[in-house]
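Here we start with a single chain on its own, the form predicted alone, put down as structure tokens.
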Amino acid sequence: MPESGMVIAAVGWAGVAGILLCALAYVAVTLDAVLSARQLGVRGGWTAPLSRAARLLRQRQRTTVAADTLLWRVGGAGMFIGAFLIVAVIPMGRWVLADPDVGIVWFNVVDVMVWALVWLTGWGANSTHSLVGGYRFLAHGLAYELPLMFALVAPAIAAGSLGVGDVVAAQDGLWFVVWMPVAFLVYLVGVTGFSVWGPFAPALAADIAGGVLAELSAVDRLVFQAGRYLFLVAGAAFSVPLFLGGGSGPVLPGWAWVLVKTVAVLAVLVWLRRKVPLVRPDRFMEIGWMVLLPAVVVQDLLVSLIVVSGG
């Protein structure tokens, strides 16, 4: 197994990583706004994120009767923090903030944490619509999480390690996406799932008055929405070391290639939001367990056979 060769960056670089994460989230928000404007047949949208943020910051904060404010706020703030925890184990070329031996497990733990965070946001409001939205998300989670776990297993099997740096090193010469396309696609489905994005947004749907977002206002709403975009960026960025060769590429330095690949994956996820309709939890349960799970298990078996045969 190739050595990862990762260099642990100084703690001060955590601030730079946080700034990059927020900047990419702003890019995602802006691109989403521009595409929404074009879909409506109008130009612009470039300043929409700033105007929305300013409006929420000026908005008067409201609450509900007997709301559990602590749980409500923990859910929203946790979405914001969780994305930063994922970024900590993503290599920027040779540099990384943390390189644990179980980096892939670390990612999986954080993405499972989203289950609790979204549900707490729905529960804490003490509102029917919010709670229904929280339970809708849990239903989606049951459908996407197990296929996502098996998708994460494929790169680990090929690299013989759960370390993210080792997975990057194992792709020297051939990116995993080339011979693990099913795992890559299922992984992206999982990213849209834990970001409450695209087809997995019924938890925020209009038929339940916004669901989890129904009672959120002012800064609380801004923080939760920002957390969704931050998770989308973190998920897109984590696909780079897992399947897209990390910082490998000609001419540009490794960290630049990580950013380029992240932006490319992120742009595709944002664009697809308008192409894929909302999927009811019960319908996606069938897709997740009857289609995605068997497909990704077969992918894992093929990867295992190739590794054992020395291919």
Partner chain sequence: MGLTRILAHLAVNSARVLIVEAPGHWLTRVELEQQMLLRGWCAAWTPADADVLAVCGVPGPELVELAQRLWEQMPGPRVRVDVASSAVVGSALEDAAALLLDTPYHRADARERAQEPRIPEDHGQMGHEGMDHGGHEGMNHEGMDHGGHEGMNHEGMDHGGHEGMNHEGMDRGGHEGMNHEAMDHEGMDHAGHGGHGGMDMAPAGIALAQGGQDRDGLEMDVLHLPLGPVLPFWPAGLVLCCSLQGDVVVDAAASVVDGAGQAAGSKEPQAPPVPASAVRCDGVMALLALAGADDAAARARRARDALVRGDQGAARDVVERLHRTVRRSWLLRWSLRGVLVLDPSDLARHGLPEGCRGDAHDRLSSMVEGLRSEVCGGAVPAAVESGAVPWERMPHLVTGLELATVRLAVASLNLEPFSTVQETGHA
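Numbering follows the first chain given and starts at 1. Only a predicted model underlies this, so the values are computations on that prediction, with no experimental measurement involved.
Keep in mind that the form predicted together with the partner chain is missing from the display, and what follows is about it.
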Please run the contact check for residue 54 against the partner chain in the model of the complex: heavy atoms, 4.5 angstroms, yes or no?
yes
Close approach of residue 196 to the partner chain in the model of the complex, 4.5 Å, heavy atom
no
How about residue 276 - does it come within 4.5 Å of the partner chain in the model of the complex, if we only consider non-hydrogen atoms?
yes
Though only this chain appears here, would residue 136 touch the partner chain in the model of the complex if you measure heavy atom gaps against 4.5 Å?
yes
From 188, 177, 169, 132: within 4.5 Å of the partner chain in the model of the complex by heavy atoms is 132
What stretch, of 169-177, 237-245, 188-196, 215-223, brings heavy atoms to within 4.5 Å of the partner chain in the model of the complex?
215-223
